[in-house]
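Take a look at this single chain, the form predicted alone, given in structure tokens.
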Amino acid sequence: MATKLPAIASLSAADVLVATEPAWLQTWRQQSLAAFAAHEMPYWRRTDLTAFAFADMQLSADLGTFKIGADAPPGVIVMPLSQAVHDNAALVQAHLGSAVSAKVSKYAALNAATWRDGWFVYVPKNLESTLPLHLIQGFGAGNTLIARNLVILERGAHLTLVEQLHGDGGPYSNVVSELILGDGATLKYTAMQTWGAAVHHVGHVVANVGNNATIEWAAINTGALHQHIEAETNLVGNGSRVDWMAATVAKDGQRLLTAPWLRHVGRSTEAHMDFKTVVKGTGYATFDGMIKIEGGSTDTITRLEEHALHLSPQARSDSIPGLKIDTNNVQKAGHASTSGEVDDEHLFYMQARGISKDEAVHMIVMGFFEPVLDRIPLESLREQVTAAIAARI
């Protein structure tokens, strides 16, 4: 039987330190543990925090399962983050915690203090990788997965990356991904949460985007019983850009929340966000999105949209788009939200042509999600996810 570390509610420094890790990381873990102890529980109105009670969680001495779904592209360095703290210590020390600090929340501090699993991905300067990199993470024998991923693209680097959380187990998952884009870099990024039906998942995913750098971000969330993902794109560089799309499916009993933040910091930045949600049965999905244009940002172009389809009367979705502007120099800025059932006229049109109602609903929903699914760069994975969503609706 695997040995267990103490319950999370009563962690001590001895529980989080790893003797073989460098001194700077041990100090970092101790500081993060102090932040965890000092943080109050967050106030998340639409997330049931009792589902994530620390008194019920134990850290596991077992590592999670993680693997590369396809060969790493030539020239791209891929290894466990626990190995990178030795083999690439300077890079890790320079960037670890730069996008997701232990100050963010009690759950972020817990991750910083206790992570054992996760990936390190490094793309050297001007390396243009054309092959997709598919990284998969899952549960080991323990009931808690705490993982951290650090992705660094140097100046002018290009990478296509799929990060997938997949499998049964748990029930607790806390995963942080930090995406660091140097000047002129391009990251085509797909984040997939396809956990089993009993998992309670907390996630933080943050991208810091440099001058004239671009991130094309697709997020797909279909699994877990409870989900609370805080995602953020920081357009810190002048001329930086994000094209951000997402698809969420929540069915019976699922409560899936995504809170995307978009921060315009640099000049002449551009952002487009298009999130799509389908709820069915007693499923409940929440989109809590915000655009923030900082005072020093000028000539900004930004747009946020969220659209939801309800496939049953009991299903619920909350859409909370927001826009905060602290500058007088904006080219375009706006947000929009729609929510409703499948259009009766569309159904009538299709049924009048011999298509059954169920098949018509299926076709409409899959067409609704198609722009997001098309972003999945691996054909076999795209077919797998498309089939999984089709089965759920």
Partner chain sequence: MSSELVIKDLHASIGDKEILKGVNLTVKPGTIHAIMGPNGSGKSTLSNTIMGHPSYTVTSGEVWYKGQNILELDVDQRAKLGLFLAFQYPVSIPGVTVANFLRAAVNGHRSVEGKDPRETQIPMAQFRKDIREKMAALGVDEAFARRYLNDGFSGGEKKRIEILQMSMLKPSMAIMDETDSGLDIDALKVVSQGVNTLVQANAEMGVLVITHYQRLLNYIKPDVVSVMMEGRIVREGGPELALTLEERGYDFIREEVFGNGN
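Positions refer to the first chain, counted from 1. Not measured: the values here are computed from a predicted model.
Heads up, the form predicted together with its partner chain isn't pictured, but that's what we're talking about next.
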Inset, instruction - Identify, from the list 63, 34, 355, 57, the residue with a heavy atom within 4.5 Å of its partner chain in the predicted bound form. - result: 355
Legend entry - Contact flag, residue 368 vs its partner chain in the predicted bound form, heavy atom cut 4.5 Å: yes
Inset, instruction - Report yes if any heavy atom of residue 351 sits within 4.5 Å of a heavy atom of its partner chain in the predicted bound form; otherwise report no. - result: yes
Inset, instruction - Flag residue 346 as yes or no: does it have a non-hydrogen atom within 4.5 angstroms of any non-hydrogen atom of its partner chain in the predicted bound form? - result: yes
Legend entry - Touches its partner chain in the predicted bound form: residue 363 (any heavy atom, 4.5 Å): yes
